[in-house]
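Only one chain comes next, encoded as structure tokens, the form predicted on its own.
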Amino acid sequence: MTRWGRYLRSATGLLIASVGCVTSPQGGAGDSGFALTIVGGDHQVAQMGQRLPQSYIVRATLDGDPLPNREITWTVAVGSGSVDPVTSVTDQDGLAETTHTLGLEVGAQEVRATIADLAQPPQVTFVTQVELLPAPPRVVSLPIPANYGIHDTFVRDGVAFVSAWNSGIIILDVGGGGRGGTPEAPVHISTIVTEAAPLQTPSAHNAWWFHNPVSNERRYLFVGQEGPGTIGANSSGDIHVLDVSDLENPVEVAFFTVPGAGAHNFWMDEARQVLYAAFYNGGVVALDVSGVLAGDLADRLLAQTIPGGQGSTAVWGVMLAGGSLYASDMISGLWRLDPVSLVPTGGGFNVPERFGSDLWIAGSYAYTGTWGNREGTLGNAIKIWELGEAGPALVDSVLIPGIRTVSDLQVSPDGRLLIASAEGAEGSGIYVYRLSEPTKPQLAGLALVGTGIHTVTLAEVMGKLYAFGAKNPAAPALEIYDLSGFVP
């Protein structure tokens, strides 16, 4: 039985870890008078999958005296967690430290510290015991046609617009569509298959339902079409515009193309009636969406920027916050842009070790995901940024064990929860963090999903907070989770 199989069969919810530290059976003594003792980090309590709040600290000595400038090796002996750094050098007092991000296993997890380069090195072992906590309940798993399946879901006013790839846009009443639907029992309103041009397939990837504050209309749904591409070089797919003033009879009315580039995620400045769109190697575009939209919207282009330059730009997503536009670039990191000209005003080239993915801004902090494998480094990190006058500054990272990709994340409207979708390995699923301290997310909930959750979005429906996740493949489904139990 694998450790993950044990977790899935034995756990009814989440894990929490209580941490204690003990010396190794050797008592921490090695050859020639070398010794290693634990001086910090014991008796902690922390949740599974979370970095421990206190560092592990050891002291190295030689014949009882502090041993400076000596390399200490840190090894995860039991569990799927990680340590950072894996080696450290003792200071003038013989002290060295590391941090431990726990894995997801039930039972003991251990980290061992060793003085390097000795025939019989002294070592000490830190031991973690893992216990159970409740997980966010899944209230429904709604099958999606296996025509690739499901990508993003946009939820507003109790209506869900499911981007179901080659099956088009599926419109559901989940609590506000007037058909009696709820998140627990969605009711189908209609489906429209968007145009395949300029590709051979519709490839409906994402959507945004525009509420126009000037005309008071809720008429247009913008749909991103995602086609094939090569990171930093080319991509494909248009923006398709649907008239959804009659939700039962949506009609496609307009489109927008960036030659040689493809649409990805959107953000809308509804007050100014401007749509911002990520276009991968085409950077970021700002589009005037005021008035009546019809046909080719090429003359509606207001501005475009390629923040990292040609070959170093592949923008995943954008978000407007605090009077600035922020763009998460897979290659060149997190950027701040002027929302009118789109000229970069800070950031960039600040995540060289991983490919970037989604982003979310909450107050003076930003959170970005990572994905895939960039020169041997997995996309298992949530990056935490402070937004200052000089632009975004990286302050910390949260590692998720047992995954390859953090593809989507969002902060709850009250700023208290951060949710992330994870995929690519045994730890795939939905992760819920509390943001009591914005720079130190604390894992509060986890729902493991074997095939992974590709995207997730939060929505308040009928006074409760829900997460809408995309499960792909081989049995694609819209997975809806009730998060009300995690709201303080």
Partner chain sequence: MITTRLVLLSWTATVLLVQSVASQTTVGWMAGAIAVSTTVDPIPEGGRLTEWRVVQPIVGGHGGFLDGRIWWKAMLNFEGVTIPSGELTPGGFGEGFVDRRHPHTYAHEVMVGTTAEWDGGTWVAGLAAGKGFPAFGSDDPMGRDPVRFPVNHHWAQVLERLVILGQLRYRQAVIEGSLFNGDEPESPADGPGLDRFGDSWSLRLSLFPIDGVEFQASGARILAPEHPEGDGHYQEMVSVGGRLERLIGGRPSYLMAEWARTSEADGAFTFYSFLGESATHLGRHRLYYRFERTDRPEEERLSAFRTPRPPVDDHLIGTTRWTIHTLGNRFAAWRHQNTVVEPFVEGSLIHVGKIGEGVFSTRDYYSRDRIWSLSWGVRIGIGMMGHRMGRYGSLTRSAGSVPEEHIHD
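Please read these numbers as outputs of a predicted model, since none were measured by experiment. Numbering follows the first chain given and starts at 1.
The form predicted in complex with the partner chain exists for this protein as well; it is not shown, and the discussion that follows is about that form.
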Based on heavy atom distances of 4.5 Å or less, which listed stretch (78-86, 118-126, 388-396, 229-237) is in contact with the partner chain in the predicted bound form?
229-237
Using a 4.5 Å heavy atom cut-off, state whether Q200 contacts the partner chain in the predicted bound form.
yes
Looking at the partner-bound form in the predicted bound form, is A425 within 4.5 Å of the partner chain by any heavy atom?
yes
Any of the heavy atoms of A146 lying within 4.5 Å of the partner chain in the predicted bound form?
yes
Tell me, yes or no, whether E375 is in contact with the partner chain in the predicted bound form, where a contact means a heavy atom of each within 4.5 Å.
yes
Proximity to the partner chain in the predicted bound form, single hit among Y367, F279, W208, W371 (heavy atom within 4.5 Å):
W371
I need to confirm a contact call. Of N212, T345, Q304, N166, which residue comes within 4.5 Å of the partner chain in the predicted bound form, counting heavy atoms only?
N166
Looking at the partner chain in the predicted bound form, which residues in 454-475 have at least one heavy atom within 4.5 Å of it?
H454, N472, P473, A474
